[in-house]
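Only one chain is shown below, in C-alpha cells, and it's the form predicted on its own.
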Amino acid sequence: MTGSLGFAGSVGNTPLVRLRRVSEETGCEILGKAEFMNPGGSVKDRAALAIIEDAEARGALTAGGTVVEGTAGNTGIGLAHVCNARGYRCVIVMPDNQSAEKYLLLKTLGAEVHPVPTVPYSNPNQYQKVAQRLAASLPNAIWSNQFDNTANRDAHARTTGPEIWAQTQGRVDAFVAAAGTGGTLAGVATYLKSRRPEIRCVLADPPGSSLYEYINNGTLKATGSGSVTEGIGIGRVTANLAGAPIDEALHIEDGETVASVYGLLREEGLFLGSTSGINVAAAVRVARRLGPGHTVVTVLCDGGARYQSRLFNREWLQQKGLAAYAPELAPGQTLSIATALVA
C-alpha cells in the first residue's frame, strides 16, 4: 500500500550500483551496495533498526524508554531516526575526533550528544564504556552496544546478504567491506558462504587497525599509526566479528582511500564518504587478483556530505598530506581510480 512503509519499512532493499570505470579497467563487474540510500543515509540504519526491534521483542525497551549508544556517528544517526519514529529518547556518546557534520546532524535529529576524549578501548573512559555506564544510570534505558550486540550481524545475514545474492542472481565471486563493529562484513559473509562457500570474503582495513594482522596472521597488532577514515578499524575482535568466515584482509593506505573517494565523485557521480572509498579501493585489488570476468560486490556506506569539512576540504587534505591524491582537475578531465590506486 502506498505510503504505508514508514521509516522502518524503508530500511534495506538498496540497489546495487555498477561502478563503470573500475569495472571496465579491471574486466570485472564491480558493484556497490547503495547503502547511502537508506532513509537515515547509511548502512548503519540496518543495525540501528535491528537492535531496537530486538530490545523491544525482549521487553528490554518499553514505551517512553531511552536508547544510549557509543558511536562514531552513523549508528547514532540511525538510532536517532528510529527513536524519533517510535517515541524513545536517544542519547549518544561520541569520540571527539569525528566530523562536525555528524555532531550537528545528531543534534538536529533531537539526540542528546556527549562528546568525550578519544582514548584507547582499554581506557575506562573510552566512549563505548562511557555509554554503557550512562545507560546503567538512567531509568528505563538500554545500551544498544552495537559492537557486541549480535542483532547487528544477524540483520545483515537476514537482509543485506540475501539482497546481494538475489540482485546478482547468485553470480558473486567476492564480497569486500571494512569493519567497525564487524556486523556488515560478518553477516553478509555468513550468508553468502552458506549459499556458496567459494565466495571470497575480504576485509578492507585502514592504518591503525589491528584487524589486518588478526585476519591474516591471528595476532591483534596495529598496522600503521592512524587513519583519516571514521568509524572503522579497531583493536579488538567484537562479538559481531568473532568467528566470521573471512578469507583475508587487505591493508589500504589513506592515499588510496582518498583517491578512490574522488574517483567515485568525478567518474561515477557518487558523493560518498571515506569508508566507501576504502571499500572500493579494496574491491579493485580483489578484482585484479581474480582476473577478468568475475563479480565483486562492496558497500557504499554513506554520503559525502557528512565529511565535507574534512574529506572534501582541500586545506584539511593538505594538512594531512593527502591533497595529491585528490588533484584539482581541469574541465572535462577525469581521474582514474584504478590507475591512482596502489597495485
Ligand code: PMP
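The first residue of the shown sequence is 1; numbering continues from there. Model, not experiment: these values are computed from the prediction.
Omitted from view is the form predicted in complex with the named molecule, to which the following refers.
Contact between T275 and the named molecule in the predicted bound form is found at the 4.5 Å heavy atom cutoff. Using a 4.5 Å cutoff between non-hydrogen atoms, N74 counts as a contact of the named molecule in the predicted bound form. Taking the partner from elsewhere, P206 is found to have every heavy atom lying beyond 4.5 Å of the named molecule in the predicted bound form. Looking at I232, you'd find a heavy atom of it within 4.5 angstroms of the named molecule in the predicted bound form.
Only one listed stretch (289-297, 302-310, 54-62, 26-34) carries heavy atoms within 4.5 Å of the named molecule in the predicted bound form, and that stretch is 302-310. Of the residues in 160-195, those that come within 4.5 Å of the named molecule in the predicted bound form through at least one heavy atom are, in sequence order, A178, A179, G180, T181, G182, G183, T184.
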